[in-house]
Each structure stands twice: as C-alpha cells, then as structure tokens.
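Take a look at this single chain, the form predicted on its own, given in structure tokens.
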C-alpha cells in the first residue's frame, strides 16, 4: 500500500531533511510541500521532484503530513489536518504554551487520527541500547542523570518569542527530557532554570541550564543551549549519562562522526560527517507504518504535553528565580 505523505510548511530547518528522506522511502508518495512562502515551497518541491501547493490542497491530497511550521502555527495546521482526517507528525515543541499543547491533545483525542511528535532520539541506536541496558538493571538504582543538547543558534522565527514560545529552552528541552522519560520511566517533578543571552544579539535566551528532580528523587541536569559556534564542523550534539548505584552508562546519539579537512584556500574546508544510522529515517518509516496501522508513533501527544509542562515550569522558574514544581 502506497502512503501519500506531505510536508506542511517549510519554516523548520528539518523540513528539507524530511522531504529528502520521504522522497526515497519505498511505498511512500511524497505528494507535495505546502508553505506560506510559495517561492520557498516551490524550491523545496523542485529539489525532491514533488509539487508545491497551499496547505488546504495538501490536506485534501495526503494521508499524512509532517508539520514543520513555526511552533505558534502548529495548532492551526493540526486542526486543518484533523478536519481532513489526515495523520500528523508534528515538530517539537507541540505549542508555545502548556495550555495550547493540552488543547491540541484534547482535540486530537476526539478524532481517530494518527498523531505524534517528531522525536527522532527515541529511534537513535545508541539511545535504544542505553534503554535496553537500563531496563536490564545494569545501572542499579538511578541516582543522577545529565544530558546535553547543544546546537547552532538557528535564527529566523526560532528567536521570535511569539512564534517559538521562547529561545534555547523551548527549542532544546524536549529531546533530552523526552528520551530520559522514555528510558527511565521517571517524570520530571521540579525544575530550577538559569538562562542568559551571551552569544547573540537576540530577544531570547541562547544558553540555559536546567537542574531538575525526577520522580524517584534522582537529580537531572540539562544543558540545552545554542552554544555551538556557527562555524563548528558539526551542528551540535545530543547525549545522556545515567549514574547509578552499580555503574554509569552513557549514550551519544551523534558520536559516529569523522572529520574531513580540505586545503582549498577558501572557507568551509573543515566538516564533520555523521555516519551512523539516521534516526530521522527511522522516525519517518514509523510514521508511515502508523498510517498503515502497522505501528504506533513512538512519541504520543501525551508525551508532547509532558515535555511542554517541563518547558513551562522552566520559564516560570526563570521568572521567579526559584525551583518550580512541574504541573502536568
């Protein structure tokens, strides 16, 4: 069975990545790319041999869409997909506020449509091996967790607090919080957050450190900053370390890299290339299988609301200058 899939909006940096991968998946027909910017949508569509079209036409054409809009537009586009019974895989975070995230979840639950959040780290092989060893008891009693998810500052709508819901916290908290919840089964109970804007002249934070407490009492620290230099040979990182009573285990999602150096006398002569299995590819394959009824999207909208609650608590902590209990 061929599944008709589309990319809804070209605003997110992952839209181009997803389009390229979907265009090569077997039994998938990449039926179109929609966007507020018709010229950019046409360029993206031409690059992968599909059509550019308005959002409404894409919804009438597709069985499922990957929503890659600014965060503030997620709700409107998901509602449009629900009206057409189209499956949705939405970029993270789900919404710019916890209330909006819960509203989206409630409306999706009223409809019998496949919905999920794009969380590729759950498909990362190093993270899957870490989960297997944790569940086998290798760590013993979990005492502490640390994670990093640092990247380049993306600019554009990502630094517009109205469109993104914040800065580096909004952009980089979800991935590691979600994968730690998934691996350990523990929820974040309390957050203390410190932020600053140190690297760029932007209206949102570009660095942050979250000090959290998990439901079993373990501490959980997370650096989810935009502190990777723009000229760094690789975009960033995503890793987790679990400290237990028996041993310490860690996983680096993008550790499989090699560096390539060219002496050209011009810029861009040093780059690092990731050669491990692509978690984005596994994410999209699972979404397609979910539309066929053969699988379930790994990160549900309930999971998306849980991480939205942690983000909301982090920003409240910054405002109050003290630890904040997470309200789900």
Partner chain sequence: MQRIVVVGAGAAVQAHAERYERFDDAAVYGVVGGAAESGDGGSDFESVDAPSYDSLSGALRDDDVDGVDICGPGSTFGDALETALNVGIPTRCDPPFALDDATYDRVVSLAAESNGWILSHSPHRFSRLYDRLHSAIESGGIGSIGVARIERTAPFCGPGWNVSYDGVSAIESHVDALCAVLAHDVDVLEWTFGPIERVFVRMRTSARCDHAHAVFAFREGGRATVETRWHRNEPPDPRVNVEYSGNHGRLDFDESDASTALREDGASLAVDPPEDDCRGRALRSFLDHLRDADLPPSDVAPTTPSRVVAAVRRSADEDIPVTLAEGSP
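Residue numbers count along the first chain shown, from 1. The shown structure was predicted, so the numbers you read here are calculated from the model rather than taken from an experiment.
Keep in mind that the form predicted in complex with the partner chain is missing from the display, and what follows is about it.
At a distance of at most 4.5 angstroms from the partner chain in the predicted bound form, none of the three residues 126, 154 and 162 contributes a non-hydrogen atom.
Using a 4.5 Å cutoff between non-hydrogen atoms, residue 96 does not count as a contact of the partner chain in the predicted bound form.
Not displayed here, the partner chain is kept clear of residue 256 by more than 4.5 Å at the level of heavy atoms in the predicted bound form. Within 4.5 Å of some heavy atom of the partner chain in the predicted bound form lies at least one heavy atom of residue 192. In the predicted bound form, the partner chain sits within 4.5 Å of a heavy atom belonging to residue 213.
Comment: 235 to 243 is the region of 117 to 125, 235 to 243, 102 to 110, 75 to 83 lying near the partner chain in the predicted bound form, near meaning a non-hydrogen atom within 4.5 Å. Taking the partner chain as positioned in the predicted bound form, the residues of 133 to 148 that bring a heavy atom within 4.5 Å of it are, in sequence order, 141, 142, 143, 144, 146, 147, 148.
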